[in-house]
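First, one chain by itself: the form predicted alone, in C-alpha cells.
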Amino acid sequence: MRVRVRFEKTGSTRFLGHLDVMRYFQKAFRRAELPIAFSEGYHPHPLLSFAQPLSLSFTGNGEYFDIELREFVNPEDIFKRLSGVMCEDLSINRVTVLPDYKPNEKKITGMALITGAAYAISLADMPESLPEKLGGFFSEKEYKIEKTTKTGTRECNLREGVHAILLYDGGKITRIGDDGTFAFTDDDIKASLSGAMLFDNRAVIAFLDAGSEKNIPADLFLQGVFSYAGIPFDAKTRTVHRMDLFGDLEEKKVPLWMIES
C-alpha cells in the first residue's frame, strides 16, 4: 500500500533539519503501530520518500512524503493513529492513497512530480513602494539575475519562473499578477496560511517554479524583486511560509495530494 502524507511544520519545529524530520516520522509510524514496508538487502530502510525539503527557519503547511506499508490500512485510521502520537507543531493534515506500483514499473516519487511552490513572504517593514514595484516586475517579460547552485553561478530569467504575485493583508487578497498556471483559490490560500508567522498579518504571496529542472527559491525571488525595485534586501527581516507544493495535471499546477502517481 502506498500513501502520500501532507503535513505542516510550524512553530519551534521550523528549526528542525530535514534528517530530524525524517527520524521523527519514522518513530511516529512505529508509535502508531503502522506496518511500514522496508527495502530488501543487508541494510533495510523504510520505503519513505520526502518531497522537496523545507529550508531551515521556514514554516510550511503543505509538505509531503510518500510511504509504503506492508498491508492495507484505512486512510482515516492512518490519520487518526498518526495524529494521536504527534506534536502540535509537526502534524499531518491529509492522507491520500496512491495506486500500488505494477511489476517492473518505474517508481515516481513526490519529489520527481514537483514543478511549483507557493510561498507567503512577510516583511518586518514592507516598503510602501513595493506593491507598485511588484506590479512593474510582473509586467516585464524578462528580468535576469545570477543564480548560484551546487554546480556554480549562472544567469537566469527570474521573471520566467514567477507565475503569480499576490498581496495578503489582514485576510484580504489582492492579485497583482497571475498567469493562471496554478489552480489555487483565495480560500485555498487562506487555509494554507495556518501556522504562518506574519508581521502585521501581511505577506507577499508568490507562485514560483520548483523542482529539479527549474527552481526559484523564495529568497531568490525576494532578492530579485528588491533588486528590480532598487530597495536594499535584508533576509533577517523576513519570514517565509511555504503554503503548498505543486505538480502538473491537465495543463495546470495542482497541489501534490491531487496527483495519483
Partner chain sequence: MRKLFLPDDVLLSVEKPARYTGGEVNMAVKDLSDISIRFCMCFPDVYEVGMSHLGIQILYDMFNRREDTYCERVYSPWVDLDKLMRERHIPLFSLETQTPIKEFDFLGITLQYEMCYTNILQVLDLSGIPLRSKDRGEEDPIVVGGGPCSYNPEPIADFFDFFFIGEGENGYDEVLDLYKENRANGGTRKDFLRKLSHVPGMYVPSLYEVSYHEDGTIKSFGPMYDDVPAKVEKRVAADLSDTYYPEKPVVPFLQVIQDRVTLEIQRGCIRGCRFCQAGMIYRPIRARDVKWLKDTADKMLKSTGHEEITLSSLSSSDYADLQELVCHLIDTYQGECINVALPSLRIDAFSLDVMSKVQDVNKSSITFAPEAGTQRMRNVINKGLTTEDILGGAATAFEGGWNKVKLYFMLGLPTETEEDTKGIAELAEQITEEYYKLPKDKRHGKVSVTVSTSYFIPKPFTPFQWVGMAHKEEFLNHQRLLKATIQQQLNHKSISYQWHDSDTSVMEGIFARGDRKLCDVIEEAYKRGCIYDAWTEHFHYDIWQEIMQKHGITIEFYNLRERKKDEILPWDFIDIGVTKKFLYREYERAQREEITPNCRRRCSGCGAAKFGCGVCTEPRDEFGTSLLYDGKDTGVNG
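All values reported here derive from a predicted model rather than from experimental measurement. Residue numbers count along the first chain shown, from 1.
Missing here is the form predicted in complex with the partner chain; even so, the following discussion is about that form.
Of the heavy atoms in residue 56, some are within 4.5 Å of the partner chain in the model of the complex. The partner chain in the model of the complex is approached by residue 16, whose closest heavy atom lies within 4.5 angstroms of it. Contact check for residue 89: a heavy atom falls within 4.5 Å of the partner chain in the model of the complex.
The shortest heavy atom separation between residue 230 and the partner chain in the model of the complex exceeds 4.5 Å. Partner contact region in the model of the complex: 26-34, out of 222-230, 26-34, 209-217, 61-69, criterion any non-hydrogen atom within 4.5 Å of the partner chain. Contacts to the partner chain in the model of the complex (heavy atom within 4.5 Å) from stretch 228-256: 236 only.
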